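Starting off, we have a lone chain in the form predicted on its own, written out as structure tokens.
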């Protein structure tokens, strides 16, 4: 009888111990920190996430900003990485970022007709453009410059009197150069081209005497046979553009850009692409 009672007490002790351990486990589990809640996306960003794809217009012919590999079709550059950073914060996988090559002439219409969610394509923020599209705060500032052949003997804007300048269709370079030429009393004519490689080819062949666009873009076309003139004018602030009515998406992107400035991510990005 004593042995049976002892066995019963032992079994009861084991059962009570198991309950006690289970209770401790439950308390520890309850005390564990909860997963940080996901940031609530604004309607514009949520619509992109729900669609499962971010469609971005980028340059295909601007070294360091947006350049498409002719063999693979892949895009690379600072603005490509910027688009991927936006996608990451929205919750879109990197392989679901769809890039489309745009030019100064096509990028606005592609936003307007809904084919693109964003344009990150050395798109300069101008008052007249703010009336047509939403723009983020600037992520890069540049100025308009002039690329000439060393053999031309051209040393400054003044030497372009009677010369022809090549510019991109729909770009602000034409007006910027014209304004400076008018101030200096210099007479210039312009030829417009669809792409930067076409302007560069025109410079090489002698169809134009100078290639004008933002200096950082010109640097990608600089060779030992050409020079970027010291003249610089019309500061150019690049912004991320979206369709009118997407104010909450613009606010979301501005927050991201501010964060990237604060945590050093933007500095690293600029250094990576030699744009600092």
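Predicted, not measured: the structure shown is a model, and the values here were computed from it. Positions refer to the first chain, counted from 1.
The next section is about a form of this same protein that is not shown, the form predicted together with a small molecule.
Participant: Is residue 238 close enough to the small molecule in the predicted bound form to count, meaning some heavy atom within 4.5 Å?
Facilitator: Because a heavy atom of residue 238 falls inside 4.5 Å of the small molecule in the predicted bound form, the answer is yes.
Participant: Hey, in the predicted bound form, does residue 99 get a heavy atom within 4.5 angstroms of the small molecule?
Facilitator: No, residue 99 is distant from the partner.
Participant: Within 4.5 Å, heavy atoms only: does residue 111 come near the small molecule in the predicted bound form?
Facilitator: The answer is no: residue 111 has no heavy atom within 4.5 Å of the small molecule.
Participant: Wondering, does residue 195 line up within 4.5 Å of the small molecule in the predicted bound form on heavy atoms?
Facilitator: The answer is no: residue 195 has no heavy atom within 4.5 Å of the small molecule.
Participant: Please state whether all three residues 107, 121 and 172 have a non-hydrogen atom within 4.5 angstroms of the small molecule in the predicted bound form.
Facilitator: Yes, all three are in contact.
Participant: Quick one: from 217, 210, 58, 249, grab the residue that has a heavy atom within 4.5 Å of the small molecule in the predicted bound form.
Facilitator: None of the others qualify; the residue that does is 217.
Participant: What is the one choice in 137, 155, 129, 88 with a heavy atom within 4.5 Å of the small molecule in the predicted bound form?
Facilitator: Selected residue: 129.
Participant: Taking the partner as it appears in the predicted bound form, which of 181 to 189, 147 to 155, 164 to 172, 70 to 78 has residues with heavy atoms within 4.5 Å of the small molecule?
Facilitator: In the other structure, the partner sits against 164 to 172.
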